[in-house]
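There is one chain below, alone, in structure tokens, taken in the form predicted alone.
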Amino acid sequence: MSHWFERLQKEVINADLCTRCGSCVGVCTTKAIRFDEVLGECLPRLVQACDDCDGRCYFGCSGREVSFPALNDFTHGMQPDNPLIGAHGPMYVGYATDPNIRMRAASGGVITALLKLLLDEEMVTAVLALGTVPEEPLRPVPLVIRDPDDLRLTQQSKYSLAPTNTVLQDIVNVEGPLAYVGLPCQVHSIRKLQMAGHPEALKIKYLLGSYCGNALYFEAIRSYLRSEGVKDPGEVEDLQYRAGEWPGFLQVKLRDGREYRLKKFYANYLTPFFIVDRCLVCTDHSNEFADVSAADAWAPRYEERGQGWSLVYGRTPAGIELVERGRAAGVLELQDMDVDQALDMHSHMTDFKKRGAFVRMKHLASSGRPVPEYGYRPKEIPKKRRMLEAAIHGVFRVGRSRIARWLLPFVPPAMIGMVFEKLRWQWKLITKRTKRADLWDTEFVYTEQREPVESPHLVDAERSRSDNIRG
């Protein structure tokens, strides 16, 4: 076994810290690593010897360590004024002006609209994004998109595990500059690889990222199918997580013509049962190291209108310029949004990531479990908020038990979804004061970093600080 993969196995995979970003497969020059069970545990494994290894699988990993201070210096050239949301430029709420893009989107379609603009104006040669192809309706696959019409394959969020960064192995012979779309943990890895001078990562000029609360094991879909009486997932012809008008439906179409739909908020009932463990200790909700971040605009004044609305903003000079270019070109309709309103739209999940995750990590560490290192932490978390985390922990512990997962398919999804949604809103009202208490005033401190591990095969990080990345 490779020395570096042995370390990856011990410190990340066996330690339950793997984010399933896919980079270890994407950067392996000998193709010795692969994901065997993407629709299962979705973990990388070594399938052959890889003696000619420079350790990129280890150094690019986003599971064990992601130094927010280092990535902020590298990506933004500074530390953020507000660590709750990261460095950012002007914020907007809006949507794609192309009604077809907006209709097919998870929310307002702004990411797809910007990707199309990049391709149409030949600002990039290709787009790297997760998509769905007809021959594999259940498994999202990373695609290299050159034709703007093919962007339709990549629309909507995919809430099941998908190692997007395996796409790095597909672009060895693809000329840059490229655009890329990924979740926070996937973007973390791309930025780490850019810092390390990885040639394929350096081809990526624009990183666009969505907000992310969590991912689910594919077993969530299997459970839902069983509850609808579908025993064989192979019967599925089409699977969409955000079909129809915003906020959308979990929609499954079978080959025999049957169709099942569940409201997006009802489908959230699957989360306590099938959430990926690593998501519980992730501290990045808003994709802080992307060039452009986008999310659902969760606010009554937008939700009541339907059609789809997105919160969007640039974080780097390249990202800010791209958003402004989209508005000037008429592909985006945007309204100004201040940071307090933007934070309020996602305050519960911001608290879940920026305070709750640190409480959970402290609990795990106290029991001898390994936890990620981020290089920062809240200076203080109120006692009431720490106590509240015990209740949240109890919900996830019960939900992920074998008996709970076994019983789940016996309950009609519409019934449990409706109950879950009512309980969720009650919970948000009850905990609103505790969760938001002092949240906006949370102070963060830098923590001691792990000793860096030098690799003679990787170029100096300063050399990779290029216009290719920063724009």
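Please read all numbers here as calculations on a predicted model, not as lab measurements. Sequential numbering from 1, following the sequence displayed.
Only in words, not in the display: the form predicted together with a small molecule, which the text now covers.
Hey, in the predicted bound form, does D284 get a heavy atom within 4.5 angstroms of the small molecule?
Although the small molecule is absent here, D284 would stay clear of it in the predicted bound form, with no heavy atoms inside 4.5 Å.
May I ask you to check whether R242 falls inside a 4.5 Å heavy atom distance of the small molecule in the predicted bound form?
The answer is yes: R242 has a heavy atom within 4.5 Å of the small molecule.
Answer for A215 alone: is it within 4.5 Å of the small molecule in the predicted bound form, judged on heavy atom distances?
Answer yes; at least one heavy atom of A215 falls within 4.5 Å of the small molecule in the predicted bound form.
Answer with yes or no whether Y211 is in contact with the small molecule in the predicted bound form, where contact means some heavy atom within 4.5 Å.
Residue-level check for Y211: yes, a contact with the small molecule.
Go through A129, L250, V292, I204 and name the one with a heavy atom inside 4.5 Å of the small molecule in the predicted bound form.
Comparing distances to the small molecule in the predicted bound form, the residue within 4.5 Å is A129.
Which one, L115, L178, L193, V167, lies within 4.5 Å of the small molecule in the predicted bound form by heavy atoms?
Contact with the small molecule in the predicted bound form is made by L115 alone.
Determine which one of 313 to 321, 183 to 191, 76 to 84, 167 to 175 lies within 4.5 Å of the small molecule in the predicted bound form, judging by heavy atom distances; exactly one does.
Selected stretch: 183 to 191.
Check for me whether the small molecule, as it appears in the predicted bound form, comes within 4.5 angstroms of all of G108, S157 and W298 - heavy atoms only.
So, yes: the whole triplet contacts the small molecule.
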